[in-house]
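Next up is one chain by itself, shown in structure tokens, the form predicted alone.
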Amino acid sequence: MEKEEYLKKVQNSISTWIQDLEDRYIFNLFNSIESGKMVRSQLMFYIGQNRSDEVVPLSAIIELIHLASLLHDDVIDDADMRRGKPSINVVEGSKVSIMLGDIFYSKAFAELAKYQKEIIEQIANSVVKLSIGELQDVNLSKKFNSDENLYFEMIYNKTASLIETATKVSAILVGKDGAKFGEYGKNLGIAFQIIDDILDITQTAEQLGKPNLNDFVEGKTTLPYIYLYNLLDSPDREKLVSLHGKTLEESDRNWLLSKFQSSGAIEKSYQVAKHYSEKAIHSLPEENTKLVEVVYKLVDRTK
């Protein structure tokens, strides 16, 4: 089976599960959500390619969980766009977005119940971590955070844990080394999130589909800002902290971008992402050129 056929089958599986709910409103809402890159499913395909038909429904469970988390995340962040389209919370309201996310979570777990105990436990625990990560993100957004350890703990829980689990359970399902493939997914997930955080600063609004520096406006202190804080002198540190979580004037945007350019904070953050991407590659228990290619594509991407 080719990757495109596999991803289509994953999408069709999710669509069938939503149709089974026999609710036209929910099905229409589901169809209005733009499909993403399906990175987790791509990884699962490359790990279980020889038995891909078996991995399809497990991929669909992971994708549905991820989609549910995004619906909740958009409410938490007051996001108005998701994958280039108006988000559900903007179109239908936050209550609908939260409940739709709950429905997707519940349906994913109903399908997950058909699997062996180890796989159920791994996925259930990753959803707990994901939810803890969301809460950590909310709490860290209350004030400027200069502690990179707190940042790494949060992005592991919120982003990397589900990627780690996706790679681990697909390996377990097809009889491969779950621990090592899981380590690959964990390191890839951390690198992926750091790159996302860098792109929020370096890319234009047109490239991102939303204003750049938006993470900082929302109160997030991502790795580049932590490094920038540590590289600035005391007066500039005070100014950086004073801008946190506020709507930025054009002069403030220009100041931030100039400080990023002169400080080397972006380059330092990128080197950390590269470090985790290399750890991901070295974690692989077997030669898999496609999984290596995914690492390079995710780290070298521009959106």
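The numbering used is simple: start at 1 and walk along the sequence shown. Please read all numbers here as calculations on a predicted model, not as lab measurements.
The form predicted in complex with ligand FPP exists for this protein as well; it is not shown, and the discussion that follows is about that form.
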From 141, 187, 193, 212: within 4.5 Å of ligand FPP in the predicted bound form by heavy atoms is 193
In the predicted bound form, the residue from 273, 240, 60, 68 with a non-hydrogen atom within 4.5 Å of ligand FPP is 68
State yes only if every one of 77, 105 and 134 has a non-hydrogen atom within 4.5 Å of ligand FPP in the predicted bound form; otherwise state no.
yes
So in the predicted bound form, does any heavy atom of residue 183 sit within 4.5 Å of ligand FPP?
no
Would you classify residue 159 as touching ligand FPP in the predicted bound form, given a 4.5 Å non-hydrogen atom cut-off?
yes
Residue contact check: residue 130 to ligand FPP in the predicted bound form, 4.5 Å heavy atom:
yes
Do residue 164 and ligand FPP share at least one heavy atom pair within 4.5 Å in the predicted bound form?
no
Assert contact_stretch over 166-174, 111-119, 145-153, 69-77 against ligand FPP in the predicted bound form, heavy atom within 4.5 Å, equals 69-77
Within 7-33, the residues that have a heavy atom no more than 4.5 Å from ligand FPP in the predicted bound form
none
